[in-house]
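For reference, the chain that follows is the form predicted on its own, supplied as structure tokens.
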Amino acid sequence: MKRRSFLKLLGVLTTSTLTTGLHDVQAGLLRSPVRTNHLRPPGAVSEELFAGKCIRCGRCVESCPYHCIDLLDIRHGIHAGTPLIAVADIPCYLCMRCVSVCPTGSLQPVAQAATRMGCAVVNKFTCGAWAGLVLCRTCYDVCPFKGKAIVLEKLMPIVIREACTGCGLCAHACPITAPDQTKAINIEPPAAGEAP
């Protein structure tokens, strides 16, 4: 291979590597922090709009009497300074104070029962009741809308998607933690494009 061809190939490979690395960094800075058991507070606008609408004032954090809302740090790129709730650690008790203090409408007024932060999903492989290992109804007992959002059928918990608020009380109270640190019941965020 001639020197000129070698240097040209080396330049192409270097540019390609830098571009790929830059793309990965950009994707990380734009990636939404919302994922299983990590959700926006009640009444949040869609995730596509949230980072642009929220002014990062922190009023929602200050108003929460349960200290369940945290502001994201600089590692979360464009989402830095926006509120997030890790419901498995501290669930949302649906006091709705955060909604009433939001100055931009990033958190819009919504009734407790109409809140859709996410939806509980039972992992039937790790749930003690579904696996037939124990008689557990913890998620049902702690649900603020028991009999509506979570029902028991043959002593096994069933989530009624249309009534689940995604508050996370069930995930927080669940006594079973899987090896991947998820619970036997977890809160999944709304799908992209789905109304929260």
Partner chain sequence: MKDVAPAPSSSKRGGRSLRAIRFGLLTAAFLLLILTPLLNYYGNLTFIQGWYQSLGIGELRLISPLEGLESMLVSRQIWVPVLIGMLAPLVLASLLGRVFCSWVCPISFLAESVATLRAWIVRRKRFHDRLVLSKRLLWYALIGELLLSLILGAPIFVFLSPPGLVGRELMLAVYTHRLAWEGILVVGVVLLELLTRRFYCRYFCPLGALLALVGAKRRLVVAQRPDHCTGCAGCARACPQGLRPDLGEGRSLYCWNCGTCIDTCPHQALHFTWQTSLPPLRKTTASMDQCR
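Residue numbers count along the first chain shown, from 1. These numbers come from a predicted model, not from an experiment.
In what follows, reference is made to the form predicted together with the partner chain, a form of this protein that is not presented.
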item	value
The partner chain contact in the predicted bound form: Lys146, any heavy atom under 4.5 Å	no
4.5 Å heavy atom contact, Gly128 to the partner chain in the predicted bound form	no
The partner chain contact at Gly58 in the predicted bound form, heavy atom, 4.5 Å	yes
Contact flag, Cys95 vs the partner chain in the predicted bound form, heavy atom cut 4.5 Å	no
Contact stretch among 138-146, 165-173, 64-72, 33-41 - heavy atom within 4.5 Å of the partner chain in the predicted bound form	64-72
Within 4.5 Å of the partner chain in the predicted bound form, all of Gly52, Ala80 and Val101 (non-hydrogen atom)	yes
